[in-house]
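Next up: a single chain in structure tokens, the form predicted on its own.
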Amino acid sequence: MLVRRTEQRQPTTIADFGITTASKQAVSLSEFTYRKGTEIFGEREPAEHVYQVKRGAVRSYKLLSDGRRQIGAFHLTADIFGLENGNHHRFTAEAVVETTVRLIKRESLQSVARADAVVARNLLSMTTKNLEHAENHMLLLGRKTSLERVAAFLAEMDRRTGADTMSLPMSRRDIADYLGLTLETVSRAVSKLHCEGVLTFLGNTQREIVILDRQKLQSFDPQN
């Protein structure tokens, strides 16, 4: 569900989409902005575009048969998502907050990759990283305790944001649905890490998190 088009960009190179390239072949990129909670694409819809987060955050999820939601990934600024092996999307993608994304037609990206070995290698690397993330997520859901899951999530966000203060766009409910836990369990685990001196909060929302002891945070996730 498109909210509004912010810009129809002029032809540019694939490097502006965050993919290293050896050529200067022109491609056409578009930008769209979605309100918080707005669907970007749905599960089983044709995968006609590939996306990059310019500003904001996106969650990819499936609704289970019993109505529960399983979030498979969070996509943050500069992340590329919607790159599918098949012709249809396997997950629904939704804006976590007001989010601006860049779009490129999948066939345009594939055309560039056929002519540019550097782009082809980058796409293969992204596909491999997506598979690695899926495998790690499966391990997290199946073998780790609730505290280990929350610690692993915070360590992941710490690595990805690379900032002294993590500004988490997602809610505790989002985190719970990503980790396969209840909201209450996530809150208890975060509180424990706070009491242990691993982290502290800025502001009243508790979404501004400062990691005080990264080594101790890693110790709560022994398989990290």
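The first residue of the shown sequence is 1; numbering continues from there. The structure displayed is predicted, hence computed values, not measured ones.
Just so it is clear, the following notes concern the form predicted together with a further copy of the same chain, a form of the same protein that is not shown.
Student: For the three residues Phe17, Gly56 and Ala78, which mark the spot I'm curious about, does each lie within 4.5 Å of a further copy of the same chain in the predicted complex through at least one heavy atom?
Tutor: No: none of Phe17, Gly56 and Ala78 comes within 4.5 Å of a further copy of the same chain in the predicted complex.
Student: Pick from 175-183, 152-160, 30-38, 190-198: which stretch has non-hydrogen atoms within 4.5 Å of a further copy of the same chain in the predicted complex?
Tutor: Contact criterion met by 175-183 only.
Student: Just one of Val96, Leu103, Leu123, Leu109 has a heavy atom within 4.5 angstroms of a further copy of the same chain in the predicted complex, so which one?
Tutor: Checked against the cut-off, the match is Leu123.
Student: Contact with a further copy of the same chain in the predicted complex for Val118, defined as at least one heavy atom pair within 4.5 Å: yes or no?
Tutor: Judged by the heavy-atom cut-off of 4.5 Å, Val118 is well away from a further copy of the same chain in the predicted complex.
Student: I'd like to know whether Ser167 contacts a further copy of the same chain in the predicted complex, with contact meaning heavy atoms within 4.5 angstroms.
Tutor: Outside the cut-off, so no.
Student: Given that a further copy of the same chain is not shown alongside this chain, does Gln70 nevertheless sit within 4.5 Å of it in the predicted complex, heavy atom to heavy atom?
Tutor: Yes, contact at 4.5 Å.
Student: Is Leu147 close enough to touch a further copy of the same chain in the predicted complex, meaning at least one heavy atom pair within 4.5 Å?
Tutor: Outside the cut-off, so no.
Student: Of 128-156, which residues get within 4.5 Å of a further copy of the same chain in the predicted complex if you count heavy atoms?
Tutor: Result: Thr128, Asn130, Leu131, Glu132, Ala134, Glu135, Asn136, His137, Met138, Leu139, Leu141, Gly142, Arg143, Lys144, Thr145, Glu148.
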